[in-house]
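What follows is one chain in structure tokens, specifically the form predicted on its own.
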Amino acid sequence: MVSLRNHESTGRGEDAPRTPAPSAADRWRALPALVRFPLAAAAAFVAVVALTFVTGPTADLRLGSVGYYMLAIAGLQLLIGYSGQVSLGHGAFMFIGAYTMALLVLNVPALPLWANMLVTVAVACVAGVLVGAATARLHGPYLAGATLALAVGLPSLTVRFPELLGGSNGLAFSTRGAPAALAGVVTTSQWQAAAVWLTTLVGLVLLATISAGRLGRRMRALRDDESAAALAGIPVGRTKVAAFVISAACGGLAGAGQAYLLGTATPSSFTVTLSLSLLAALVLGGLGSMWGAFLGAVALVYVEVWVEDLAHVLTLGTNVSNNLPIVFFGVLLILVILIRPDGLHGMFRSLADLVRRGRRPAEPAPARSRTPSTARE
């Protein structure tokens, strides 16, 4: 009789484990990548455009700066975080993109902005093929040294060809601004920030799609163990060059966005300091994640602004106030690496996990077994 009662209880499903309903995050992750990434990009673009309506021209320029820095860091993310190739010369590709954009605006003013961007990407890809093919057999410090030489030597071309590249003063130009249909609706700074962010988001969608696809898996295999990847049939050289070309295209597009936003292309903007700053921002934001690229870009732009404001409030000297942002950024980088080696993205992800666990309802206590009472009966 006892066995029959237990069987009836089980048949009613009282003790059967219940499958929790999928959350909104689970349903979002279940969407195909070709749907999820464009939707996220469209939402981000709407948020950026809405933000420009409550900010001023200076804030719009800073917002646009976050956009092109994020694209450059995301390209570096793919090169270092996914394929494991260390580059200290990513600013050189931004130099190529900025000067390509400046030369196109000055010499072919009839070309629309999107055509300038496409030409810039093509030029940066050619440079990426040349550099990637030349450095495909290099590893570690040898690769870092070769790319560092690129960042050091390329800006000096402006002095070698001053008539074409403007010498040490660079090239200054003016863009057409917002289309006539949007005149009176958005300002020039709003249009520039929106154009830079649209370019950035399109680039990020392509990057995320590549990272989630077959080429991204090959890059991660190279990063984890190059010999094992070669034994598995992955073409090591071609995959490395492909990673370099994609990263160079992102850098060139970011440089074009910077030139379009600021209206100048000067060699002093693309020194070795820029390449090292991009690498530091990547480590600060977190390797292996696009969110890390965003957080690194925000830190790269706004830490300097906040520290400069602090130096102004404290009425510090010019020499101190000029060097204080670099010192503060370095200290912040050291602290984050010591506390969270996975960067700001890892820190925020841990905080989100803690909040999620706090909101989750307590699990019911496990049902008491009936075996002892049955034995007594």
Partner chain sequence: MRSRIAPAAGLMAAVLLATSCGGAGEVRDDAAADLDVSTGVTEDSIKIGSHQPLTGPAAPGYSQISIGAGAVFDYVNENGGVHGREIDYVVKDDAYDPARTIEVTRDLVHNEEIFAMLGGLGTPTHSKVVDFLDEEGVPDLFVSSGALMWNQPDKYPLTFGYQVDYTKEAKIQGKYIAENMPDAKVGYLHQNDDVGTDSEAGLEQYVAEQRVAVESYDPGNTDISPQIASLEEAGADVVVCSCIPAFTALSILESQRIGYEPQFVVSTIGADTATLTGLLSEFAAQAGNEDVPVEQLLDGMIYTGYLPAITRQDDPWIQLYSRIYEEYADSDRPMTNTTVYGMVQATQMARALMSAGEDLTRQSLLDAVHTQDWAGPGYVPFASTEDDHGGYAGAQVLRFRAGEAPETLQEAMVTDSAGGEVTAAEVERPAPEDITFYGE
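Just so it is clear, the model here is predicted, and its values are computed rather than measured. Numbering follows the first chain given and starts at 1.
Beyond the structure shown, there is the form predicted in complex with the partner chain, which is absent from this document and is the topic of what follows.
For this session: Would you mind picking out the stretch of 123-131, 297-305, 219-227, 205-213 that comes within 4.5 angstroms of the partner chain in the predicted bound form, counting non-hydrogen atoms?
Result: Of the options given, it is 297-305.
For this session: Please state whether every one of the three residues Val46, Leu113 and Leu261 places a non-hydrogen atom within 4.5 angstroms of the partner chain in the predicted bound form.
Result: Yes, the whole trio is in contact, each within 4.5 Å by some heavy atom.
For this session: Answer yes if any heavy atom of Val186 is within 4.5 Å of a heavy atom of the partner chain in the predicted bound form; otherwise answer no.
Result: Taking the distances in the predicted bound form, the answer for Val186 is yes, it comes within 4.5 Å of the partner chain.
Problem set entry | Gln190, heavy atom within 4.5 angstroms of the partner chain in the predicted bound form | Yes, Gln190 lies within 4.5 Å of the partner chain in the predicted bound form.
Exercise. Does any heavy atom of Val159 come within 4.5 Å of a heavy atom of the partner chain in the predicted bound form?
Worked result: Residue-level check for Val159: yes, a contact with the partner chain.
Exercise. With the partner left out of view, is Ser277 within 4.5 angstroms of the partner chain in the predicted bound form by any non-hydrogen atom?
Worked result: No.
Problem set entry | Contact residue in the predicted bound form, from Ala352, Val54, Leu338, Leu314 (heavy atom within 4.5 Å of the partner chain) | Checked against the cut-off, the match is Val54.
Exercise. Among the candidate residues Ala30, Val331, Val35, Ala50, which is the single one with a non-hydrogen atom no more than 4.5 Å from the partner chain in the predicted bound form?
Worked result: The option sitting close enough to the partner is Ala50.
Exercise. Taking heavy atoms and a 4.5 Å limit, what residues of 192-215 are near the partner chain in the predicted bound form?
Worked result: Heavy-atom contacts to the partner chain in the predicted bound form: Gln192, Ala194, Ala195, Leu198.
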